[in-house]
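Here's a solo chain for you in structure tokens, the form predicted on its own.
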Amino acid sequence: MYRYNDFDRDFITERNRQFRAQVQRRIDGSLTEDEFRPLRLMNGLYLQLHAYMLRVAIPYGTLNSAKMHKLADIADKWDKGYGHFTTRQNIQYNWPKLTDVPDILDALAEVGMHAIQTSGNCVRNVTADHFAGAAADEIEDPRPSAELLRQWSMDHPEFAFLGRKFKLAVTGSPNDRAVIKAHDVGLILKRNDAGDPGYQVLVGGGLGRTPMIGKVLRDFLPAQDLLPYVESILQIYNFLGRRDNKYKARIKITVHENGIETIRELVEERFKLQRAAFGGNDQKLLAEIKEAFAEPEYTSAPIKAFLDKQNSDAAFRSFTDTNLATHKNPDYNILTISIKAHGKTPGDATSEQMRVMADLAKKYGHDELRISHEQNVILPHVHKGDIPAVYDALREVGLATANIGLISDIIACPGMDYCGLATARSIPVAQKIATRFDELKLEHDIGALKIKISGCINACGHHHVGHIGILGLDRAGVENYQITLGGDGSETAVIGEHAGPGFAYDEIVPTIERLIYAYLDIRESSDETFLQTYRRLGAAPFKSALYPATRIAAE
């Protein structure tokens, strides 16, 4: 894990000192809200529906026990005892007082954390595969590349005021767990025929009101060319990107309007100049960064207790079936902690839960935790022999829900409960769906299914790439929920198909129930997932379930 050096500490200290003075000027009236707005956004502070919201960066979702303990302390001291993990692998505090924010930032700095570039029209928090460094299918750990990009983009003067926000994601696996194709720039680590490391570069992905899947800009970029090439992309976007309409200012629109061939030609031309300008200094830095991401010293121990508990405890067996993933070391597993207990707010963790997860990481997980874009927490390195003890500790604080990848493992934005941009509620819809299918005892029979919910067109809940996507909108002052079907955020990414007219708030749970029962009736076998069935049969049978003949006639 990367640890701050003297430069990092001095930079954050000075940045926090500046913002403390800016906050004081806002409080004493020297700055108006309009004048203060760009300053607070540069430091991750939003003004939401009810209060300020502080978004704290967790670069590429990686943190340790000390950082998690600090997040818990902040939740208790300056918020309401909880934090919200987001689809950008960050954490948000929804109730800080403006006067306390400088103290929060100083507290974060004590453990090498900050809130810089978690908002504003700049390069945002760089995200990565949440199984990075542990996954058995991984070609190479993507986090050193993500850290290199983070350091390069931090306070980059040329890219501090882009036309719109800019999002980068990196994965080291052919199985995409980072939604690479829905980012402004997505990077997939790979090797060429000679075995040399490099990246496939995608550009122009994004969700929101104009969802698009990223296009391949370069099939293979040598590893040493990463920064000059990405900088060339940013420069071309900064030059060509629309600034007359914020809804058309993202790079996906730039690529769409100019064509991928034109963008490729311009980037490659610019890259020739930028490549020479870097002179290899970035590679020296990358070598230093890689040393900080060395694999943990794995232990060897018996796993009999693990096997015995699987055979004797049905609840534990269910947990291991859903919440464990294959680790590169056969004696270990990747353990995902669900922050989606049935009926709870997706992504919310109490300070007590944070501390338990931190302590488990310290004792059993080589002091590493990850935040996933699916709003869960991962212990990436847990020896099989320790998993029973981890499970028992998680169960005591409501964190042992066996639902990873199932219908109740729902991604949901904060919606109208918190967000000033939202036009409908997301959290209650997610809670009701999860509760209903827990009552029906169907979710394990249903199998792998991703439901994603957004409370407005900005799509922070990634509904476009949900197997079932739910978009809440305002229709003449009434909440109306549209359904999309067949979306996918993996390596086979596709934007979901709009199913038809929307549903009222009190109709949405029965509607999803009808849809699921229809799927169970038409799937070929219990092994065929919802997405596989949809791709085999198309939308027609699902739309028939959504819109009975009487409703279609009425519409």
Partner chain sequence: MVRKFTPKVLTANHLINGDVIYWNADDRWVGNHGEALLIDDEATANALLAQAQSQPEIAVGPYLANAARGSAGGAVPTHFREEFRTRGPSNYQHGKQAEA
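Positions refer to the first chain, counted from 1. Only a predicted model underlies this, so the values are computations on that prediction, with no experimental measurement involved.
One more form of this protein, predicted in complex with its partner chain, exists but is not displayed; see below.
J.: Does the trio Asp10, Lys284 and Ile289 actually contact its partner chain in the predicted complex, every residue with a heavy atom within 4.5 Å?
T.: Not one of the three qualifies.
J.: So, Asp417 and its partner chain: in the predicted complex, are they within 4.5 Å at any heavy atom pair?
T.: Yes - in the predicted complex, heavy atoms of Asp417 and its partner chain come within 4.5 Å of each other.
J.: Ile427 versus its partner chain, in the predicted complex: is there a non-hydrogen atom within 4.5 Å?
T.: So Ile427 counts as contacting its partner chain.
J.: Is Ser490 part of the interface with its partner chain in the predicted complex - any heavy atom within 4.5 Å?
T.: Judged by the heavy-atom cut-off of 4.5 Å, Ser490 is well away from its partner chain in the predicted complex.
J.: Taking any heavy atom pair closer than or equal to 4.5 Å as contact, tell me whether Glu33 reaches its partner chain in the predicted complex.
T.: Glu33: contacts its partner chain in the predicted complex.
J.: Partner absent here, but in the predicted complex, which of 182-190, 310-318, 342-350, 375-383 has residues with a heavy atom within 4.5 Å of its partner chain?
T.: After filtering at 4.5 Å, what remains is 342-350.
J.: Quick one: of Tyr364, Trp95, Trp152, Phe278, which gets a non-hydrogen atom within 4.5 angstroms of its partner chain in the predicted complex?
T.: Going through each option in turn, the one that passes is Trp95.
J.: Answer with one of Lys80, His256, Arg243, Lys328: the residue that has a non-hydrogen atom within 4.5 Å of its partner chain in the predicted complex.
T.: Going through each option in turn, the one that passes is Lys80.
J.: Any residue of 15-50 with a heavy atom within 4.5 Å of its partner chain in the predicted complex counts; write them all down in order.
T.: Going through 15-50 in order - heavy atoms within 4.5 Å of its partner chain in the predicted complex - the hits are Arg26, Ile27, Glu33, Leu47, Gln48, Leu49, His50.
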